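For reference, the chain that follows is the form predicted alone, supplied as structure tokens.
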């Protein structure tokens, strides 16, 4: 039986707007295909895991306070996460998780929270807390050679700079910065985004990209996923996208 092993980090603290639901979506889509999905959780004061033993490391979103609480612990994990990433482990990062993999996050009070520095981008929050990138967002991305319009919900005061390989082009909403032309960060084994919702509930193509990557990594050969009936998910998303883009 095919198997995917996942490490869900700080699930007890980073769960804005149902971000933990992303792991429920991955687990469900694996189950429907007969793929075993084993999810472990790590949080502050947990025993340090072997990060490279996982196919996927997931970190959800949190407010400034939660990011401050986990930052010291996360820095202790840097070497293990970096080694796993370089060995091909997939990183799926939402909002706060996205920010903390960059150089740093400077909050609205000017307090600088160190990131892991895996990537060259950095984030600076607006000093005026009323100035936020908030609302629905639609981006156009390339997944497995196909153009896909992806929808989610963003709510962040942080302005992320220095992203060289974004996840997609913004069609509606803000993105990495206020009225930015691009959103998120993307590599072969990294998807980082500000999209909550949870993101994967609306966008099965991203779920399947992650699952397929993890299976291919394990098998060493190209794996084709059994198609699932995503009519409802895609129709609901399209209704939302049509409504937003017509405004």
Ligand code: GLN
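Everything quoted here is computed from the prediction, not taken from an experiment. Residue numbers count along the first chain shown, from 1.
Note that the form predicted in complex with this ligand isn't included here; everything after this is about it.
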Exercise. With the partner left out of view, is residue 196 within 4.5 angstroms of this ligand in the model of the complex by any non-hydrogen atom?
Worked result: yes
For this session: Decide whether residue 205 counts as a contact residue for this ligand in the model of the complex under a heavy atom distance cut-off of 4.5 Å.
Result: no
Exercise. Heavy atoms within 4.5 Å of this ligand in the model of the complex: does residue 155 have any?
Worked result: yes
Exercise. Wondering, does residue 184 line up within 4.5 Å of this ligand in the model of the complex on heavy atoms?
Worked result: no
Seminar exercise, completed: Interface check vs this ligand in the model of the complex: of 132, 140, 78, 161, the one with a heavy atom inside 4.5 Å is 132
Exercise. Non-hydrogen atoms within 4.5 angstroms of this ligand in the model of the complex: do 49, 54 and 89 all have one?
Worked result: no
For this session: With this ligand left out here, work out from 91-99, 140-148, 70-78, 166-174 which stretch has heavy atoms within 4.5 Å of it in the model of the complex.
Result: 91-99
Exercise. Who in 39-67 is close to this ligand in the model of the complex, meaning a heavy atom within 4.5 Å?
Worked result: 61, 62, 63, 64, 67
